[in-house]
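Given next, in C-alpha cells, is a single chain: the form predicted on its own.
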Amino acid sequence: MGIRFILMVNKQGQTRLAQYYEYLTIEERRALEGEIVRKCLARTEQQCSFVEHRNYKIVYRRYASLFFLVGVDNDENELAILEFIHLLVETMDRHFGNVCELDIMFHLEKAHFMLEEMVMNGCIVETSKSNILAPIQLMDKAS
C-alpha cells in the first residue's frame, strides 16, 4: 500500500478534509494531524516539500490558501505523489472552477467522491480527469 492518508488543511492549520487508508483511532488521527500540520506549516517556501515523520513520508504542496498533505510509505516515489496532488487540484479546479477552501467546506462530499474515484485502498487507480468527474456530473444532473 502506498498512500496512508490525505489531508487538506488551511493556512491556520484547520483540517478541511481528511481521508485515511489505514485504521487509526480518533485520538491518534488528531495527534498525527496536529504534529504534521505544525511541522509542514512551519517550513518556508525555500525548503523541499518532503518531510519524514514517524514511519511516514509526508509530501505536501500549497495551493492558494490550502495545503495538500499526503502521507505515504517510505519507499513511495515523492515526485509521483507531487504529481498526484497536482492532478487532484486540477480535477477540483475543473469541477469547481478555481477551487478554494470554501468549495471544500461546502461541497465536502464531492471532494471525497473525487478522492474515492482516484484512490482505492491507498493505491492510485484513476488519473483521467474526465473519468474522475463523470460520476459526479451524473449525480449533479440527477439532483
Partner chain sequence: MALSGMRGLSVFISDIRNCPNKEQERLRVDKELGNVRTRFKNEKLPNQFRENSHSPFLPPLVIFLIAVWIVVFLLLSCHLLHAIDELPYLVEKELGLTHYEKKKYVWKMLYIYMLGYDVDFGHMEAVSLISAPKYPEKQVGYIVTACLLNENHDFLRLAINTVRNDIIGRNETFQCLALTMVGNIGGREFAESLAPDVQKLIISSSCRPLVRKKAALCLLRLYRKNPDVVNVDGWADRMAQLLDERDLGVLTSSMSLLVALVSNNHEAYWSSLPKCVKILERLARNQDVPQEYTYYGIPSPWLQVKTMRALQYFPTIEDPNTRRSLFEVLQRILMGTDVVKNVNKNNASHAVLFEALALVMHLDAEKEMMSQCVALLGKFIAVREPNIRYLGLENMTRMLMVTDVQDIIKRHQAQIITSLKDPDIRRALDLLYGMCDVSNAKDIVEEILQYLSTAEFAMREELSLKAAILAEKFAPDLSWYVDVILQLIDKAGDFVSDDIWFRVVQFVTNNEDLQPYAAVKVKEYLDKPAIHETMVKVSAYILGEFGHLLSRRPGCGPKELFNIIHDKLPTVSTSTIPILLSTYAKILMHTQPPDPELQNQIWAIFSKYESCIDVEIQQRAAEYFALSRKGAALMDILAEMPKFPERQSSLIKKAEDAEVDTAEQSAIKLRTQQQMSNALVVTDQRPANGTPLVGQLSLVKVPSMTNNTDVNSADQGLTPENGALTTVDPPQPSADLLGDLLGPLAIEGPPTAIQSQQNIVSGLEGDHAVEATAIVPVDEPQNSVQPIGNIAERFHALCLKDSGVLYEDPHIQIGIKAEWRMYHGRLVLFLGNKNTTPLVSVQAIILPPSHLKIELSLVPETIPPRAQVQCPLEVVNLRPSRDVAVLDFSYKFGNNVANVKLRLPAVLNKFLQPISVSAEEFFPQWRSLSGPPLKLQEVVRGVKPLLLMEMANLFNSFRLIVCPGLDPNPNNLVASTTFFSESTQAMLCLVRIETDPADRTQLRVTIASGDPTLTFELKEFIKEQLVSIPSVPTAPRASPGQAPPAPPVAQPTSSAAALSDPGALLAGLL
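Not measured: the values here are computed from a predicted model. Positions refer to the first chain, counted from 1.
Keep in mind that the form predicted together with the partner chain is missing from the display, and what follows is about it.
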- request: Heavy atom within 4.5 Å of the partner chain in the predicted complex: which of K39, K57, H95, R62 fits that? Just give me the one.
  value: K57
- request: Verify the contact flag for H112: yes if a non-hydrogen atom of it lies within 4.5 Å of a non-hydrogen atom of the partner chain in the predicted complex, no if not.
  value: yes
message: When the contact criterion is heavy atoms within 4.5 Å, does E116 count as touching the partner chain in the predicted complex?
response: yes
query: C100 near the partner chain in the predicted complex, any heavy atom under 4.5 Å?
result: no
field: Contact of L87 with the partner chain in the predicted complex (heavy atom, 4.5 Å)
entry: yes
- prompt: Can you name the residues of 48-72 that have a non-hydrogen atom within 4.5 angstroms of the partner chain in the predicted complex?
  reply: C48, S49, F50, E52, K57, R61
